[in-house]
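Next comes just one chain, in structure tokens: the form predicted alone.
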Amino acid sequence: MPIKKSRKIDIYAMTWRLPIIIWQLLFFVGPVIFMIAMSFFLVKNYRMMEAFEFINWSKMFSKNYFWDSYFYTITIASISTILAMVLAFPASFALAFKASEQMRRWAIFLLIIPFFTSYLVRTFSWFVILSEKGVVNALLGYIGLGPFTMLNTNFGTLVGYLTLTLPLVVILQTVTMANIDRTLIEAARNLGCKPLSTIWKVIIPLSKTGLIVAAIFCFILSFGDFVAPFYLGGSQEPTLPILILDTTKSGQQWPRAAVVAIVMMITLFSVAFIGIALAYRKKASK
């Protein structure tokens, strides 16, 4: 009979893991549990009272503005993700297959530099560029076009989302495609595969994991962003982060804001788990 080996606790490994576990418990698990509990509290006379009532959930789920904000946030975050993936792919392809290794490193370094500055500052810089008397409308005016209203629109929101996510998507796509085995691409070309077919049938499948991970990051950042839809989009159609702010200002309804935050987290976790499952799914062997 096989002898079962007892698992011993690796004290050395646990010592290094313990700070991470404590950090997650204090700054993620703890606040999430408190937020879930707070969603059942009641607000009376602008004061929160401990309770276990589902009134906050029923109130929010019965409001049309909540569902309008929910589906609008999903829609515009999805559009932002698609745009970022499409716009980033040519640049990433060129850096991965056309540029030298040294040039690729410099390009990635330059793509990281924007993250050294505040995202809020980068967003406000678009006011000068997109305003009716800004740089873009001034250039369009030379050819007899405009002025166009670009601020306080969905276009402005998308510009803000791309400011946040596009450099990260380019970096992730570039790193993924740069690690593809070149012999597989050469084999496809030797077998008569045309350039576009090589990209579609060889490069994209081989970089599937990195592309999906990049899309997940883009969607998560866009879905949870407050700055772009508030300052560039003018909150004409409030996203869920803006709805949280409005809810807290309306009678100090922090429990109802917690409901919105929990729905956001459930949505993002679902998207992340589905995306990771698709990214690492292996084809069934015939």
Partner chain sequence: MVKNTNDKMFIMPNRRNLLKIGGAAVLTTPFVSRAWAATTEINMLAWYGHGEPDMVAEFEAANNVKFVSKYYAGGDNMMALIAQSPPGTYDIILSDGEFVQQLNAAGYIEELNAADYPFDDMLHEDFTKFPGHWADGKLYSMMLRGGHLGVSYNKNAISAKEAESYSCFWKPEVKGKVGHFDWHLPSLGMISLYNGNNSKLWDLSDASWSDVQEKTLSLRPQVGGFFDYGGTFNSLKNGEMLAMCGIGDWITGVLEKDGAPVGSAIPKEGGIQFTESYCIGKGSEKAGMVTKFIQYMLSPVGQVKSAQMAAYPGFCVTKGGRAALIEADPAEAKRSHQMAGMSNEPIALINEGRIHYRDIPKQQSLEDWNDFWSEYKNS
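Because the structure is predicted, anything quoted here is derived from the model rather than measured. Numbering follows the first chain given and starts at 1.
This protein has a second form, the form predicted in complex with its partner chain, left out of what is shown; the following refers to that one.
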Ok, Phe41, Phe223, Tyr231, Phe217: which has a heavy atom sitting within 4.5 Å of its partner chain in the predicted bound form? Tyr231
Looking at Phe52, Phe27, Tyr46, Phe34, which has any heavy atom no more than 4.5 Å from its partner chain in the predicted bound form? Tyr46
Interface membership of Thr198, its partner chain in the predicted bound form, 4.5 Å heavy atom rule: no
In the predicted bound form, is there a heavy atom of its partner chain that lies within 4.5 Å of any heavy atom of Gln236, even though the partner is absent here? yes
Non-hydrogen atom contact Ser78 with its partner chain in the predicted bound form at 4.5 angstroms: no
Is Phe124 part of the interface with its partner chain in the predicted bound form - any heavy atom within 4.5 Å? yes
Should the three residues Tyr65, Thr149 and Gly251 be counted as contacting its partner chain in the predicted bound form, with contact defined as a heavy atom within 4.5 Å for each? yes
Exactly one stretch in 109-117, 88-96, 164-172, 131-139 has heavy atoms within 4.5 Å of its partner chain in the predicted bound form; which is it? 131-139
